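Before any questions on binding or motion, here is one chain by itself as structure tokens, the form predicted on its own.
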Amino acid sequence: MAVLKVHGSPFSTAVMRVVAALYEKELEFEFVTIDMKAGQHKSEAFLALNPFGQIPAFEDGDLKLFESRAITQYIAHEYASNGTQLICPDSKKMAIMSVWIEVEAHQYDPHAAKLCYELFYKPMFGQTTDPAAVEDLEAKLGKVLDVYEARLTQSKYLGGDCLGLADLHHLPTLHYLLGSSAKKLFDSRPHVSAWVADITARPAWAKVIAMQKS
């Protein structure tokens, strides 16, 4: 079996998304650290893996992929018989999950990612958080979470009754937002709060977080 490789930083939300899928699938992989400060992501060698010079990049033998959500979908389909079943074999159920995969990417993440930047990455890099931007982003994310609250009264997970990619894709931004003032957005919505507690308590996710401390 070819060695799976993930190129990136353990602090990157996109990289964390891929690694979470690998751990849920109980797959062995090699993690290749890319030093962003040193500009390794713009090197000729890395651009051969991801022409946009962004992390992550992923290899499975001679297959090279970039874009984290595309990578997780490949992992879920190619290694469907391993570990946690992150997709649905039933086409109609998978269609519903696909809707929520798209919701995460296009409705939730644009606000959540910017909030992570303001509340986590800016302080980490010695920059000043913009309170007005935070207030605006929290309001926008709150409206999305209102939709989630309604959805989660109908099923345990966003995509249905079983954990899937639609849920897993949220974990990286959740990790940073739960450690910030934005935590109130999740805590104040009972079904969202229960869903968050469930998915963040998974053993596979603990392994992702442990990579940041190694």
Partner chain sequence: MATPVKVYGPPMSTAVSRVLACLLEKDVNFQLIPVDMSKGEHKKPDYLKIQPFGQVPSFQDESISLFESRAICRYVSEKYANQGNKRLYGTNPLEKASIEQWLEAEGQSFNPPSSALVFQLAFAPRMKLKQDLGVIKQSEEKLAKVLDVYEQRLGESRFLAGDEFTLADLSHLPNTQYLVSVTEKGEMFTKRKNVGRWWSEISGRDSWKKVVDLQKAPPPKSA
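Only a predicted model underlies this, so the values are computations on that prediction, with no experimental measurement involved. Numbering follows the first chain given and starts at 1.
Below, we turn to the form predicted in complex with its partner chain, even though it does not appear here.
Colleague: Quick one: find which of 160 to 168, 46 to 54, 23 to 31, 182 to 190 has residues within 4.5 Å of its partner chain in the predicted complex by heavy atom distance.
Modeller: That would be 46 to 54.
Colleague: I'd like to check something about residue 156: if you look in the predicted complex, is any of its heavy atoms closer than or equal to 4.5 Å to a heavy atom of its partner chain?
Modeller: No - in the predicted complex, heavy atoms of residue 156 and its partner chain never come within 4.5 Å of each other.
Colleague: Taking the shortest heavy atom distance, is residue 100 within 4.5 Å of its partner chain in the predicted complex?
Modeller: Close contact exists here: in the predicted complex, residue 100 approaches its partner chain to within 4.5 Å, heavy atoms only.
Colleague: Indicate whether residue 67 is a 4.5 Å heavy atom neighbour of its partner chain in the predicted complex.
Modeller: Residue-level check for residue 67: yes, a contact with its partner chain.
Colleague: Taking any heavy atom pair closer than or equal to 4.5 Å as contact, tell me whether residue 136 reaches its partner chain in the predicted complex.
Modeller: Because no heavy atom of residue 136 falls inside 4.5 Å of its partner chain in the predicted complex, the answer is no.
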